[in-house]
Every structure is written in C-alpha cells, then in structure tokens.
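Form predicted alone, single chain, as structure tokens, below.
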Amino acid sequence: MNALNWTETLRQQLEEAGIVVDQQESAYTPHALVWQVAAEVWQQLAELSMLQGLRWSAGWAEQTGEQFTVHALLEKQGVYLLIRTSIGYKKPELPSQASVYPAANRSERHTHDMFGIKFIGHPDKRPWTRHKAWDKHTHPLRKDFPVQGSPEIITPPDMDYPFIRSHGAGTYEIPVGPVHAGIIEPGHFRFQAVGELILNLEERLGYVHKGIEKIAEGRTPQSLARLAGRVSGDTTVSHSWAACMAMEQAAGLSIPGRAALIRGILAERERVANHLGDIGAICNDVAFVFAQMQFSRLRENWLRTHATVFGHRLLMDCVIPGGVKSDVSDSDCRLIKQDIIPLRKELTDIITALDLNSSLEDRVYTAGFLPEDIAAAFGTVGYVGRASGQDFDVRRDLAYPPYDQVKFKVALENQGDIASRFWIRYKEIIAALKLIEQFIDLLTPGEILEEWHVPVAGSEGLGIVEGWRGEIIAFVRFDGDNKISRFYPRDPSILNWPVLEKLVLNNIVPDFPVCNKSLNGSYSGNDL
C-alpha cells in the first residue's frame, strides 16, 4: 500500500467513526501531513492508526496562550503524519495513547511532569522526568516557570520511586546505579532475578535532566544550533542538523548544495566514529580486550582527522543555520579519502579474526534477543530496530539532501540478538565510507551558507534526520524577534531504551553489560 492509499484509507475510517479532521497546510516537508483533531478522539485516532500499521515516533506539547497544544508524530513508509489537538489550561486532560502505542509511555509521562497535562487511562502514573528538583504541582515548561527555577540548597534524594517488587521463593533484587563503575552517565537498573536468570528489569533515567527544552526558549537560531549539538554530545552533528533543518523550514530557507554535501560527510564520519567505538566496547564487555584496543585505535585515528579537517574531534558546531561553518579544500578531501583506504583494509582483517573467534560467538549469538514484534511495538529505530527486522532509514525513506543524490544499501538483520546489532554496525560503517566518497565526488564550487531569513512569529518547522543511533526528530516554533518559543528534540534513545527491559529477559545477570552496550542508549539524549 503506497502512502497515498494509507492516508486516504485512514481518513475514510476516521470519517466513518465520526472523527472530524482539519488538515492544515504544513511548512514542514512535502512528506508530512498535519491533522488537527478534537481532544476526545485522541486515543481513538491512535487505535485506528495502529490498525493501519503506523509507527509512533514522537510526542510533545507546547503552551500557546491559555491553552496547550499536544502533538504526536506517526510514520509509515517514510511518510509522516503529525496529529495535534488543543486542551484548556485550567484542567488539561487528554486520553492516553500509551495503552495503544507502548512507545508513547515515557513521552506522555515526561509531558505530564513538564506541563501538568493528565493523560487519562495511562498505564503508568509514576513520574518520569521529575525526580525531586521540583514538586508535583510545579511544571517547568509552563511559561510562568522561571528558567532558574527555585531550587533548594540540597535537592532531596529520590528514594521513594515505586519500583516493581519481586515476590516468590528464591527471587531477589539487584540495584545497579545510578552511579556506575566507569565514566558513563547515570542511570538506575533494578533487576529481579532467580539465581543468575533475569526475570524482570526496570530502568530509571533522568538523573542528569539538563532543562534543554526550557533553556532553548528565547534563543537565537545560532544559539539554538549550539544547544542542539549538546543534547547528546556523541551525536552533535545530527542533532544540530535536525534543529537547523527545522529552523530552515520555518524560515523558508534552502541551504546551498555544497553545504548539504558537507553536512552529509560530517554525519557519516560521526556514524563511523561511534560504530567503531561501539564494536570495540561490545567485545570488551565479553573480555575480548584485543578487539577493543584495535577498534579504539582505529577510532582515534578517525577522530584526529576530524580535528585536522573540521577543527574539532567530535565535530561540535560545524552545522549552523543556513549551511555549515567551514568549507573543505581539495587537500581536505584527499586526506578524507586517503583515510578510508587503511581503515577498510584493517577492518577486513580485524573482522575476519573476530568472526573466527568461537568464544566471542558464544557470548553474542542468541544473547539479548529482541523479537521483531516487540521491536515494532516499541517503534525502535536505527541499528537496534534494523537488527530486528525494522527496515526503515530516514536517509532512504525520506531522502533529504544530499542523500537524495546517491544510492546506498541499508543494512538489515532479523536475528535480533547482540550479534545482529554488532554486524549491523559493521555494515553501516562500510556503507558510510562509500557515502563519504560519493559526497566528495559530488562536490562542486559554491556557497556553503545561505543568508538567514527571519521567520514570522508563530512559524514552525520539523527536522527529521538519520543520526548514527537512528531517526532524530526536532520541532521548533519561533516567537517574535527571531527568537525560539519552543524546541523539542527527540533522540533515538527515547524509543530504544525501553526495549532493553525486554531483550535482557531470560539472560543471565553477567550478560547484562554486553546487552546494554549492544543497545548503547544515550542517557544525555533521554535526560533532556
């Protein structure tokens, strides 16, 4: 069924159910539809969308005067449907979509904590983002909340979160974190186990809530791009790109072709660097230190070229509104291409050695199994989803410049285990190297920055890009004077973190670290 067919079928079903849809003109992208519906049919619309096979992608809210507007973004076959509704300020209530789409669970809890919107029928009433930094009657994303808040001298410890308790003879609980034995960010994992077998896992995140959405208010486009690049520091290029794409759509601005190609080079180099690090870390978590050392060395060489060509090892602040910060010279392009030759050769040699290592295979094959139906139900994206048969990649299915100028193969696996997530990363590295070469070959002389157009007050945009972890969403609305009124970034980890609770079931406790690393969710990307 093509996009036109499923949207028309859904419209027809809504009409038969008595649901009135106001289809609005969208400045987002020709691939996105915007439907306004009444609040009371919010859940019913989700049910009909689920029957049509739409994937729940993101949800957020914003305050507009004396009311709230709530948004939910759905996707099918690379076509996005943005549904939204308006509710009153004094008693904000809305039927929950989380009972239909598990992916909406934590997003609605976040919206409740930040805006005070009650989702009727939600399956989990516990706070998500609010630990103890503000009380339950205070909501930081309301316009009357000061950006500095009203913090106590010492924030009370978050000790009374009602985790599910274990019951039964022989069962016990294992609390892990939030502070870990390493330099990773904080997150709490509460296990129920019998012997070494994991019976249940609950995550508790949000310990480093940064207030990204609040401190975005009132920023200029340039300042917002810098902030977006720090939503998750290992994804600075793609988050900045998504935010800039949204702002450029709101401003009615198209970036130069050369700038788009350079953005593509930056994004694919970011993808390669992170996948190299992840493959090594997966091996390290099963005590295969040799592989970890080799991949760390390859990643370090790659990052040094980042610094040489683009001025920053992690490519911070290279993507700016209207284009890119700096150009690449012919000698830069030659260096980038020369960098690829030894990396390809060494990867081939190292991967061959790994593939022949039986002890590594024993730890990663069949472990951390994520079935296709669970991956689909939670809307997983990126290498986590594609390792479990979810054949979706924004670069291909919603081809944006410069990906609309090239052809490439999207890696796909269906075994759903740690090994699949390992091999997806390797295949994506190989594809990314080819993309970088193609983008360099397509470079022609030209501008790298378009003059900024100040958007009118109320203008909005929706940026959708494929980061190295998967689909990234950025929503932006402008106030007057070229200032940001609302910014919502949705990192892929927000969709992928929940399935960690599923893929560890019936694994042994000692395999949790490698299960976790094979997913590698971003704590920072979750803890907005």
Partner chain sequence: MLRLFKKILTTGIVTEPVKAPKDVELEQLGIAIKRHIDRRYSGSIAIRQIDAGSCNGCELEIHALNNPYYDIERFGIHFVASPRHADVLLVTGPVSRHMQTALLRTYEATPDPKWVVAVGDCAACGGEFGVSYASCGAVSNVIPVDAVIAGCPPTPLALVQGLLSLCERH
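Since this is a predicted model, take the numbers as computed values, not measurements. Positions refer to the first chain, counted from 1.
One more form of this protein, predicted together with the partner chain, exists but is not displayed; see below.
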- Looking at the partner chain in the predicted complex, is some heavy atom of each of Gly18, Thr85 and Gly88 within 4.5 Å of it? no
- Using 4.5 Å between non-hydrogen atoms, is Thr155 touching the partner chain in the predicted complex? yes
- Would you please decide whether Phe189 lies within 4.5 angstroms of the partner chain in the predicted complex, comparing each non-hydrogen atom pair? no
- Task: With heavy atoms only and a cut-off of 4.5 Å, decide whether Gln390 touches the partner chain in the predicted complex.
- Result: no
- Message: Taking any heavy atom pair closer than or equal to 4.5 Å as contact, tell me whether Gln294 reaches the partner chain in the predicted complex.
- Response: yes
- Counting only non-hydrogen atoms, which stretch in 325-333, 224-232, 397-405, 69-77 is within 4.5 Å of the partner chain in the predicted complex? 224-232
- Taking 4.5 Å between heavy atoms as the contact cutoff, choose which of Trp452, Phe369, Trp134, Tyr426 touches the partner chain in the predicted complex. Trp134
- Item | The unique member of Lys434, Arg258, Arg299, His306 whose heavy atoms fall within 4.5 Å of the partner chain in the predicted complex | Arg299
- Message: Only counting heavy atoms and a 4.5 Å limit, does any residue of 173-200 reach the partner chain in the predicted complex, and if so which ones?
- Response: Pro178, Val179, His180, Ala181, Gly182, Ile183, Ile184, Glu185, Pro186
